[in-house]
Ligand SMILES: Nc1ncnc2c1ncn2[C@@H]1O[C@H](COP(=O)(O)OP(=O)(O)OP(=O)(O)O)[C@@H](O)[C@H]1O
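Single chain ahead, by itself, as structure tokens, in the form predicted on its own.
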């Protein structure tokens, strides 16, 4: 088996590490650095540039360079580089391909297996897209690991005998995570995770940028907000200023020839103090409080029971972060692990456990939680779009939960079980993971038939969902790999005109003839027949084979009932 490495695929920077010869070891890129900017671009010759070269190019060619792509993970948003458009997956893959190449060169052996970290609050789609990017880069992705859990692994391996509650506060370049863990006797148990996927160092930079843009406009009357090259230069200086203010009380920003005014080059010249910066960004730190409160409430832990607050992520170097935590929780946080390296090192520890580099008898036993609520779509509130919870968020995995449901309309002969992940009470506002049907249900009055739906979620991220019809013992279900994503979409090309579709259209015509006779059916059966007919039409219009077959079977069964009743 080839070497397995750990990768911290960050918003601003990316790091890689390996566990070998009994210790964690950072992997250095061709520039001799452990930190690689998460930047990808295409140079003027049409060649790909990645890392430091791409970060430098961003100042002169922002239209051909992409930074902070991680913020777009899990979306279909296209990213334009020059004249071409790319998906976030494709650009993340270019970055990971670069990491794979320099890791192989550094280690002197083939590297094609990885543990990749993600924010704890990433949903299924974001995790799946990270896996796809890794696979496109040539990796077999052995595990997707939550970033705070990775940092805790890095810490815990050196504190095996410790018994404590540890709050990992992870403020990175683009995301914020907070995780509460309990450590005892070599066990690392995640109690609860939360966070904000749209809060990180990038947001501090942008507030400072807006301050500088406003000052320049007040002084000159010139608005630079649509000048991409000017914005790239100001962003670079804003980031340098933010970093410098962690050690200095003020920082002088001077950008010559930022634009031309009246035929004369104009400069941006501003001095920013630490006090000014902290006042500008105070609201961002206040946004960390709600996730902290949620995690403590979900874990059933008070701030008085926390033994350590560990700071992770480069943005925690800002002095205001530690002060805010002290003021809010009454606990002095510590940099017990390296803020930039600990996540990659923890991913390497997990890689070492998976590959056998670390003796299981000497490693940590780790448990985790599901970060999002899991449930099914029901008609509990009469809308047909209610999220009914089966496994709440922050339940320790592995876990199995079962809920009992009934049919929701008269003469119902099938149930569509749709599995969702998310916190909204409206099911379709969440992320659908998969679906399946229970068919051939005896046609009885509403509520007469009962089903037990079970969710079983294991440590490998596999969610098994099954439904049992109590009256007959019939059972159906699906298995969803929460890392790999849900069921694959079927190839429906050309099916609309297939023989099966024509057959269902004949069934529709039969139903419509029956519905045209006002007194032919009991009102309840008429309503069910009309609904099934409409749903079958929708499925045929969209070319959805699975839904059409399900709705067609339902319509046939209802027609059989109507015929049996002498209609």
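Positions refer to the first chain, counted from 1. Nothing here was measured: the structure is a model prediction, and the numbers come from that model.
A second form of this protein, the form predicted together with the ligand, is not displayed here; the remarks below concern that form.
- For the options 239, 357, 227, 112, the one in contact with the ligand in the predicted bound form, meaning a heavy atom within 4.5 Å, is 239.
- Proximity to the ligand in the predicted bound form, defined as a heavy atom within 4.5 Å, holds among 371, 156, 174, 352 only for 174.
- Residues within 4.5 angstroms of the ligand in the predicted bound form, judged by any non-hydrogen atom, belong to 313-321 and to none of the other stretches in 313-321, 252-260, 393-401, 213-221.
- A residue is said to contact a partner when one of its heavy atoms sits within 4.5 Å of a partner heavy atom; residue 243 meets this definition for the ligand in the predicted bound form.
- Residue 13 belongs to the set of residues with a heavy atom inside 4.5 Å of the ligand in the predicted bound form.
- By the criterion of a heavy atom within 4.5 Å, residue 308 is excluded from the residues contacting the ligand in the predicted bound form.
- The ligand in the predicted bound form is not approached by residue 346, whose heavy atoms all lie more than 4.5 angstroms from it.
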